[in-house]
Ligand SMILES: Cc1ncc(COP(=O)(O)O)c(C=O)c1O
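Below you'll find only one chain, the form predicted alone, shown as structure tokens.
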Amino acid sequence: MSMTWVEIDLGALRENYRAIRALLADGVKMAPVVKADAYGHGLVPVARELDLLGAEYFGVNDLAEARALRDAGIEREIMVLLGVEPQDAGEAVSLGVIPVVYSRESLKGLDEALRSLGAKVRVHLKMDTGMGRLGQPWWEAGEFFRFAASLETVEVTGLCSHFSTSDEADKGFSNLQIKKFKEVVETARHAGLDPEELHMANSAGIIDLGSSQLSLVRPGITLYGCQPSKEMHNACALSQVMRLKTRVAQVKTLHAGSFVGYGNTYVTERETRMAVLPVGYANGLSRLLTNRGEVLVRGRRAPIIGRVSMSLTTVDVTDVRGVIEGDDAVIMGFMGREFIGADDIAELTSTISYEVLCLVGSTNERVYLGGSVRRA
């Protein structure tokens, strides 16, 4: 086993799922977003747990992720959030997935491919209600829907959109997006479409915007135990699923006035007991934590001193009694009563918890706790 690894607490994942489910109105379905290898937590192990809990849909980025779920025996509905290329239409049909189609051009290409195959597929049409990213602009909804209704190769079973500011304190723009989406739904029905699934609520929408739940919701970051932002009006009790751990490789004493790390960016002001950890930016530990981050050793906080390098980081353990080589160290997560969250690391490195989790989870060996799958 590697000296640095991540632990994925499947028990915490289950509790987060249940906490989110408790916020939903009766009959609202859930489509956990497991794209990007489940935010670094492991696509298949995470999906298996959520499948057992009854998640009705899964949201993935592409056909490769959809294929991995089917190969793992997942039979739930799968939405391919980035859609499919025309040349991949046959595989989409064989896998039984639902492509999200976001423009007239992509719909036309899919239709042409399906006609050549003599096949048909279910799709969800994505509307841009103000985010300005993927999606047919809401003001072009009528023409888009009439074109979709004219095609024999696609069955429009859903409409969706995506919030741009639902995790901010001011909900004005999000409420405007909800209003536009509901107008779009009426336009679809007037065009002869009857989409069963309507969805736009992400994690923040689920927590703060009850009117956005509609028939289906797409929780992401909350499943993995992080709040969408600090500006949320409401709270949901969550537990971080991922913990990054390593072991102390060396402990030594430096005299006052000693340099530490590349560039001599840190100079000891006292006799310093220092621990060297075999973890660095190759493990997703940002170099921006140089001389400002902390880790947990023996249940206490130890400041990072010197530059975070590719595979090594040095910490001051002068005030942590009894540290020896081989001791566990927690870079992210709980140790005793102390906790360093992905949100804490994100704040220090001017990013968001999503990026922290994806980087850490995708660059380290994963060990699974509390479920049937132990390692991936």
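Residue numbers here begin at 1 and follow the sequence given. What you see is a predicted model, and the numbers here were worked out from it, not measured in a lab.
We do not show the form predicted in complex with the ligand, though everything after this point is about it.
- Heavy atoms within 4.5 Å of the ligand in the model of the complex are found in one stretch of 140-148, 266-274, 103-111, 198-206, which is 198-206.
- Taken together, the three residues Lys35, Tyr39 and Arg218 all come within 4.5 Å of the ligand in the model of the complex, as judged by their closest heavy atom.
- With the partner removed from view, the residue among Lys252, Arg133, Lys179, His233 that has a non-hydrogen atom within 4.5 Å of the ligand in the model of the complex turns out to be Arg133.
- At the 4.5 Å threshold, heavy atoms of His162 reach the ligand in the model of the complex.
- Mapping the unseen interface onto this chain, Tyr354 counts among the residues with a heavy atom inside 4.5 Å of the ligand in the model of the complex.
- Although the partner is absent from this view, Lys126 contacts the ligand in the model of the complex, with a non-hydrogen atom inside 4.5 angstroms.
- Residues from 285-309 do not approach the ligand in the model of the complex: none has a non-hydrogen atom within 4.5 Å of it.
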